[in-house]
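Let's start with one chain on its own, the form predicted on its own, as structure tokens.
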């Protein structure tokens, strides 16, 4: 079996919870975090022996959170060394770690780079201090600038910077300044996400209570257009709804998700797609640790992925990419029970200027990419 496999490892701790964040994360708890690391390593060793992954090579590893960089370099590299011992690795493996400014210094970053981490994804979100305060971030713009330069000094040559835009009361001029500064710093990759309001977050509560309003659709389009225009002129290719990269630096791990490649997710709340089945680990951190300590699998949900659902998911995630998908290839791999309904939907989207049909490929127009969430809901509703 030579099919590549990706591995995601979830580190669920942060110094504080950002106002927009709906990820499975809590404030750092050192005693619990040590048990979490032990449980995570138990799972890595166990899955490394599983028939599900025997004979397969890891092509990417992604350490996400939460804030993995809260942990010491030794703790992180112990986990990575166990991954190296437990799984076969492909040549040129991409190993990404998420980091927040304020949780890294030159000594830590140098150790991580020398230990094998070759891609760093830094959660900057903005270079405007008023935006950072509004978002509930724990760092300032200056701390973010210094963290980026420190990572370069430590030897990182493949870096992503994360940003959020279209915030309540955000001015277009402020976002343009953030983009200009990001371009001047010169990361290889930029992620730019329009703010979404999620249940269970501080922003979700404030929005429900009428404490702020989001920019209307026309205003958000201005943010989108500015983002794409400036980054394109600076040599960053938009290859997915919210992601831009210089040639050769698209995130291989995330491309795997959007291309229906199999992946294993370990850690509380992590999701996996293996052997035509999708499953997720327990979100509750303490419950996850106890279950793993008791030699359980800590699986919270699991479902088989039949042909129809697999085809719809391949379309949904594939249409996140700006080059779209090969429809013929998807339908050959996952035959749909009623492809005519899908074709009629595509024709309507073409008429509405949301989709571009270039047989055998289909892709979303710039307007369609902005409405990807709505399009995904309509595709998944086909059953």
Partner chain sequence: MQTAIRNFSIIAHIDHGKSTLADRILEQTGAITLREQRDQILDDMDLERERGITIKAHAVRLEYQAEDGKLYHLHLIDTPGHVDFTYEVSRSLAACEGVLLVVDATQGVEAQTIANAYLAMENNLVILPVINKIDLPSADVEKVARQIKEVLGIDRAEAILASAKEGVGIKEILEAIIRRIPPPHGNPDKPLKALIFDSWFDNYQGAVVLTRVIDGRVGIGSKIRLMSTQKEFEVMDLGFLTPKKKPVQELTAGEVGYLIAGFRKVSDTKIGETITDALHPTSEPLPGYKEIKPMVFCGLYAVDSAQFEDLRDALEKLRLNDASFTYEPETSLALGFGFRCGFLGLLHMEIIQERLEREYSLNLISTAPTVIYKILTQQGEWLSIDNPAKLPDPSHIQRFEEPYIRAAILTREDYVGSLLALCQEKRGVQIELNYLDVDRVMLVYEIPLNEIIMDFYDRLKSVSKGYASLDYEHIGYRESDLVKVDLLLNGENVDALSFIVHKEKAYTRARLICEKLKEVIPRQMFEVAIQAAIGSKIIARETIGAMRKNVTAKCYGGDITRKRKLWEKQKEGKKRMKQVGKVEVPQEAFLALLKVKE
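This one's a predicted model, so the numbers in the text were calculated from it and none came from an experiment. Residue numbers count along the first chain shown, from 1.
The next section is about a form of this same protein that is not shown, the form predicted together with the partner chain.
Review point. Just one of 276, 74, 218, 180 has a heavy atom within 4.5 Å of the partner chain in the predicted complex. Which one?
Key: Filtering the options by heavy-atom distance leaves 218.
Practice item. Consider the chain as shown here, without its partner, and state which of 113, 152, 271, 246 has a heavy atom within 4.5 Å of the partner chain in the predicted complex. Key: When the partner chain is considered in the predicted complex, the option within 4.5 Å is 271.
Review point. Heavy atoms within 4.5 Å of the partner chain in the predicted complex: which of the stretches 85 to 93, 202 to 210, 263 to 271, 290 to 298 has them?
Key: Stretch with heavy atoms near the partner: 263 to 271.
Review point. Going by a heavy atom distance of 4.5 Å, is residue 40 a contact of the partner chain in the predicted complex?
Key: Contact with the partner chain, no.
Check your understanding: Does residue 320 make contact with the partner chain in the predicted complex, using a 4.5 Å heavy atom cut-off?
Key -> Flag for residue 320 set to yes.
Point to revise | residue 258, heavy atom within 4.5 angstroms of the partner chain in the predicted complex | key: It does: once the partner chain is placed as it appears in the predicted complex, residue 258 has a heavy atom within 4.5 Å of it.
Point to revise | Residue contact check: residue 188 to the partner chain in the predicted complex, 4.5 Å heavy atom | key: It does not: once the partner chain is placed as it appears in the predicted complex, residue 188 has no heavy atom within 4.5 Å of it.
**Study point:** Members of 48 to 77 lying within 4.5 angstroms of the partner chain, judged by heavy atom, in the predicted complex
**Key:** The stretch 48 to 77, when checked against the partner chain in the predicted complex, contributes no residue at the 4.5 Å heavy-atom cut-off.
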